[in-house]
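First comes one chain, alone, set out as structure tokens in the form predicted on its own.
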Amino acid sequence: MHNELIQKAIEVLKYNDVGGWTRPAPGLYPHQWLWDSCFVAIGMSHYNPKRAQQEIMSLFKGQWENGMIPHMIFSGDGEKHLSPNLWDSKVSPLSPRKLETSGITQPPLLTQAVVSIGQKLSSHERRNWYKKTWPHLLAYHQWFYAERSPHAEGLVVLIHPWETGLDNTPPWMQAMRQHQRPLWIKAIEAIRADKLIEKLRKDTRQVPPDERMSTAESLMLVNIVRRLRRKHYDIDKILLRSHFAIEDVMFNSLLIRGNQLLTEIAKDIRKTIPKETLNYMNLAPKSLENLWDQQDEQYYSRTFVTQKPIREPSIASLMPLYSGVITKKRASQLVSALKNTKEYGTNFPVPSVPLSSEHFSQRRYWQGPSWVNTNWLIIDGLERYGFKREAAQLRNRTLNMVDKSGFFEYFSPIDGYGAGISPFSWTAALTIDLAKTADE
């Protein structure tokens, strides 16, 4: 039984609760992040479903008129990390007038969170909950296909690495260096001024620099925000001249699962998904299969303009397991990679980058460490594909990792050492969910 670990996790969420929503962690993360709150709600649903509902409803306050739900809603508490001034969301007439938000989105876990909460409610309460969230969920899914699927094939494009949730993941860093590395950043690197800037960064004052993304990567990410802001977050203007738009395999896998859950919600409350949106949703599974690389036997993201795969392995390649739409044969191939001790089969799984990658770094943000949230997604996929033993093993090893080191942001896949910020909310929340399942 995991009663003590669960209680400690609940205390973390109480500590990070700022009233109506939950900060990811103290200090470095003072605002509300989209997929963080979704994971938090999943954990909270086990012991306080009403508070979990509040977590989700707080996200809807930031929804734009076009249906987009931004990846950040600023808290307004005076903290300057990722300042609202950088985003200046008011340059878009579609943004909320009373809130400052970012101008991009994040992995679509909302329907998953809504359903997870619904499963803890009585049938009457569940339907009321679904009816309350339905307009927001439908508008969000409609926005994806109205604005982010220009090829009308069911795959959506992302316009910033932050939208993946995997920030400095190697596939995106490779594409970014090819297309979005301005001369001034190259100059900073050439004269080694990045080392001086590193000392001024807020994150590297709280976390060792070797656990965060490099200064050059950070500057490139901020530079892309400036470009998006200049175009007022208008997707037509952005895609007109952008070579940096990617059909991300993880994001699309999560969206496909979200579509399935949206369909289940619609059936439960007798709602109809508009035909045009439904057509996109039906196209998506077949289009996801186009991201399979026969030569390497894995899924890759691809660039929107050239349609060429970005042959850089990362944990995103395993996420079609979560989609639930790939064949059992493909799923088995991904499970083999998951077990391979030269790839993802580490002592403390699952590394965000395989051991064989030249970019692997055991404690550097999304370039090697194991994360509880991506483990949770893989476990969920394994369960639904019938890989019960593998799911149980990964669940137990994840819980052991947290029990060993604490509620850290991420962990070394080699020795289980906790890294990043602590105590981290989604680590605590998903520990509750995994522990409850393990104890059933």
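This one's a predicted model, so the numbers in the text were calculated from it and none came from an experiment. Throughout, we count residues from 1 along the sequence that is shown.
Missing here is the form predicted together with a small molecule; even so, the following discussion is about that form.
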(message) When the small molecule is placed as it is in the predicted complex, are W172, F251 and P313 each within 4.5 Å of it, taking any non-hydrogen atom of the residue?
(response) no
(message) Within 4.5 Å, heavy atoms only, one stretch in 31-39, 387-395, 48-56, 374-382 touches the small molecule in the predicted complex. Which?
(response) 31-39
(request) Report the residue, out of G118, P351, G165, G258, that has at least one non-hydrogen atom within 4.5 angstroms of the small molecule in the predicted complex. (result) G165
(message) To verify the annotation, which of these, T111, Q298, Q106, S102, has a non-hydrogen atom within 4.5 Å of the small molecule in the predicted complex?
(response) Q106
(message) Check P24 for me: does it contact the small molecule in the predicted complex (non-hydrogen atoms, 4.5 angstroms)?
(response) yes
(message) I'd like to know whether Y322 contacts the small molecule in the predicted complex, with contact meaning heavy atoms within 4.5 angstroms.
(response) no
(message) With the partner left out here, check for me: in the predicted complex, does some heavy atom of W366 sit within 4.5 Å of the small molecule?
(response) yes
